[in-house]
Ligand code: OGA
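In the form predicted alone, a lone chain appears below as structure tokens.
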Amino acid sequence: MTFKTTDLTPLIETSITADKAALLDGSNAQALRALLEERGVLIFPRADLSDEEQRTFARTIGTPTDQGERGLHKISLDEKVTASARYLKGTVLWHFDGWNDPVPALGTVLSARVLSSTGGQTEFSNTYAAYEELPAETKARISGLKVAHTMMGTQRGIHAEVKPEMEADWENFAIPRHPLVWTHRSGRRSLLLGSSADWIEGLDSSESDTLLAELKAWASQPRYVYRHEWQVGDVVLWDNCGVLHRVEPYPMDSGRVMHRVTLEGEEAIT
């Protein structure tokens, strides 16, 4: 049975060559969970999993949510394919999933079904490594700070025209306050950033905007980022609790469709 791992960058991403059986029978699940926390992103090139196989693989890693059809949700900019398409324009910005949930998703299993002829690559940023390599004075400065996360932040600058009904919809979302530095149960710390991170409590708007911009620029340095060039059949698993992600812009009429299984969260943000 084939199961081979190859690290493609020093700080993020491991490519895994494996037989389907090695993914579906759960025999490598514990090793994959450990590798996921260590590396942030796992790539299974041309794994070519069917929908049911993708669900099965996801269940070996964690507990799938009930999103979509029996836990499998289609990702598209076409509202005929998915009702959430109107929010997905914002995925071109760095983000993590479940920013408005007290227990965000553990991770995501994403497979490529139809690709755009231009754009559509996905980038991932390791926010564990980004925090760990911050200067000591910056770590001291941001310790204990809390950030307001908003739907408005995830959509700002994305739409050519913002209509009143769009703003009214965004205002319906709660505004959770999360620590800027997430201390995980493992003892590791990560930066909790992304487009939803709108302002830092206790700072004036100018200082807040500057600090968030500096941290986002730090976390998106090439040393912390892996860029995936998709092929149909690729499967990617990433740690939503320690990795930001974004998709490179692609045409709305491209027909691009990805199939996603989201894993239920296991750890509250602290």
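Please read these numbers as outputs of a predicted model, since none were measured by experiment. The numbering used is simple: start at 1 and walk along the sequence shown.
As for the form predicted together with this ligand, it is not shown, yet the points below apply to it.
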Exercise. Although this ligand is absent from this view, report whether S190 comes within 4.5 Å of it in the predicted complex, heavy atoms only.
Key: no
Quiz item: Should K216 be counted as a contact of this ligand in the predicted complex, where contact means heavy atoms within 4.5 Å?
Solution: no
Quiz item: Does L115 make contact with this ligand in the predicted complex, using a 4.5 Å heavy atom cut-off?
Solution: no
Quiz item: Should V247 be counted as a contact of this ligand in the predicted complex, where contact means heavy atoms within 4.5 Å?
Solution: yes
Self-check item: Contact at T17, R33 and V41 by this ligand in the predicted complex, all three, heavy atom at most 4.5 Å
Solution: no
Quiz item: Pick from 170-178, 141-149, 95-103, 196-204: which stretch has non-hydrogen atoms within 4.5 Å of this ligand in the predicted complex?
Solution: 95-103
Quiz item: From first to last in sequence, which residues of 179-198 have any non-hydrogen atom within 4.5 angstroms of this ligand in the predicted complex?
Solution: none
